[in-house]
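Given next, in structure tokens, is a single chain: the form predicted alone.
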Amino acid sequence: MNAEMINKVNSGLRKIVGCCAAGAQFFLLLLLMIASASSFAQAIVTIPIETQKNVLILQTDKDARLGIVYFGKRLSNKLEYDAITKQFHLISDNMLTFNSAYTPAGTFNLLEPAVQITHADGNMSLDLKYVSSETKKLDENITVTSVLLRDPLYLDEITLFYKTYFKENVVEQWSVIKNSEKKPIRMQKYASANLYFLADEYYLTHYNGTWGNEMKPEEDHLTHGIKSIDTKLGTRANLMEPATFMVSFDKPATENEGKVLLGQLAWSGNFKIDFEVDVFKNLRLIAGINPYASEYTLAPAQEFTTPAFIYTFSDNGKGEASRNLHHWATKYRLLDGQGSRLTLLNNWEATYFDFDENKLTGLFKGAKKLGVDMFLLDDGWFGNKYPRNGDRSGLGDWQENAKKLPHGIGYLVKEANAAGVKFGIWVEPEMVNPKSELYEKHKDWVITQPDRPEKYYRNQLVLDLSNPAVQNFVFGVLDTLFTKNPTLAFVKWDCNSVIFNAHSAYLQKMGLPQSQLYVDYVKGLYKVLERLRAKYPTVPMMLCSGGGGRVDYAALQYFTEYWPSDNTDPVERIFIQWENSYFYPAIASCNHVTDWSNLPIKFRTDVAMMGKLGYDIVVDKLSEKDLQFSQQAVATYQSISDLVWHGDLYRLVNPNQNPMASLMFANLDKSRAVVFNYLTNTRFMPSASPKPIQLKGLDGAKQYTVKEINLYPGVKSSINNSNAYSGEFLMTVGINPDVNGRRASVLLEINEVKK
């Protein structure tokens, strides 16, 4: 029985005792003692969280505390889940919460907590006991299990949620914390998830980087103690360390072998993920909003919902795990993930801030000549008192610059449409330059310490999105653009600054703690995006943050795509796109052909085609053959884009370990595929591919042709496209793309031979 049931029994027995003779009182007292005994206090409850291949087993102990007793391959016989704990003898008199499903602080726990609360009376202890659980099937694929835990003394409640996507083998996990006290409580830590894994060894792959050098992988062998990945940047949170990672169990996982967990905290602000190997050599994982400077106050009866922690597990290597995430993301999270994308021509690297109406309308003709769908106007179109002619002024003043654009954005939209292309626009509505009218009028909207010198990042400051007035302003920037220009086809939403000198004039005015700023900023951002999507649900939008500084699955539910890096050097992009591809599908990755590199335009274009293709060039400056190739490439891309956007991705040759990269996209019925091959090491070598490359994702019984595509004009392929090969041959022996210094980029199209 739980405490509530025992109290009811006690009350009932007292009533009976009052009506009975003295001889019966001893018998009833004995019943009361039995009902209250700890050995009878709580029946063991087992809660399986299942996907098609995997299972997480939650189980209560005799004291009604909830633990994790198993994580891994799903068992065929569910009845055997109850027997799992009997096979483990993990006993410690000093620490009883190693495998806690949500570890509380301040009582008998001596480990890193998932939740830490100061009660209204100042007490900092918390105990959590199982109350109830419920499983709801939302449809044939999605199930939500909720588990209610309660502190028996203060009655504060925490509900753990586990949302499973059965076919995709993905779990979305979060917690809801409720203040059941009569006065406010303060939360020092409030994690989204607390997991527990049993293995012999653990290998953590995480990422670091900076602007133009994103997603650099590192693999650490986890030993006893805590390894943390985190950020304290406030905005642009993933700039130096994204909230994505892999954990391999027993040994480092490869593309096709090994046990591996891919995870991410879906939150666009400060995060912290702890990996702790305990004394039993088991792994505790705690993921959530970074508790750094983020104590949060809950009023009586108020609830706090943590962001989702999203993960998938595979015992067949990283490739299968990443395909799990791709299938889930395109179907359930990424905006219009199963739709199509626009190819575009951007003016940024062609003009930077130096443009006017005539120059832009001339570029429209280049977009049409190239064959893309849309022209994107980047930074520099706004500001009058402080014209946006560089990055030091104008940001925040979202009126068209009268000198550059005397007829406004509406004129450009009409001219682009007349030229046969759609029109899109760049904004950075969360930021402000000190040299702007907005700053002069609303300095109280800016995040900055009132009595300290201002600190700038890229000559700008961050607007305070915890303030509803600022939320209205940011929404109004976009709403005004769409209202004035109903056919506006695309938005590139940028975010370049981090938060220095964190302080909110709004929170101070409202009497709210400054420690809520980092959290309330992100909540405010989501409120703006929710309003925007409620009114404009289908307009494509790019999530940009000076590159991949903000990409995550909380933000991507409002965006159709993201910008991985401002670094568009094609060789560098191969590595950046490769690592991002473990967590995000190719349809979401914006890849542009630019002049950053001296490599041939074919190489630059082939790399950009591994996602959502775009251009950042002056079309009229292309040579005759380069223009001819580019026009053919856009047409070729259109013919294979469905494979790239919606096919299964297989990484064949890892550029981190070889002088070349090779990956392929295959459609779900295994009838067609495209293989991208690149030379990534420019040192002299006779051939980067001396051996054939074994393909994946085909049908061994089918026959296929192999044809080289996207050839530069006048170049003949060394691949014989008249031969037919069995899928078994292509996946066992393989095909050699003949990559070398003269053929540094080779695209192969695989087609089933129809009988």
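The numbering used is simple: start at 1 and walk along the sequence shown. Computed from a predicted structure; not experimentally measured.
Omitted from view is the form predicted together with a small molecule, to which the following refers.
Stretch 493-501 is the contacting one of 493-501, 131-139, 665-673, 276-284, since its residues have non-hydrogen atoms within 4.5 Å of the small molecule in the model of the complex. Proximity of W348 to the small molecule in the model of the complex falls within the 4.5 Å heavy atom cutoff. Heavy atoms of G546 reach within 4.5 Å of the small molecule in the model of the complex, making it an interface residue. By the criterion of a heavy atom within 4.5 Å, W563 is counted among the residues contacting the small molecule in the model of the complex. Mapping the unseen interface onto this chain, F473 falls outside it, with no heavy atom inside 4.5 Å of the small molecule in the model of the complex.
Contact with the small molecule in the model of the complex, judged by any heavy atom within 4.5 Å, is made by just one of R531, K227, K359, R458: R458. Residue-level contacts in the model of the complex: of E579, E241, D379, D127, one residue has a heavy atom within 4.5 Å of the small molecule, and it is D379.
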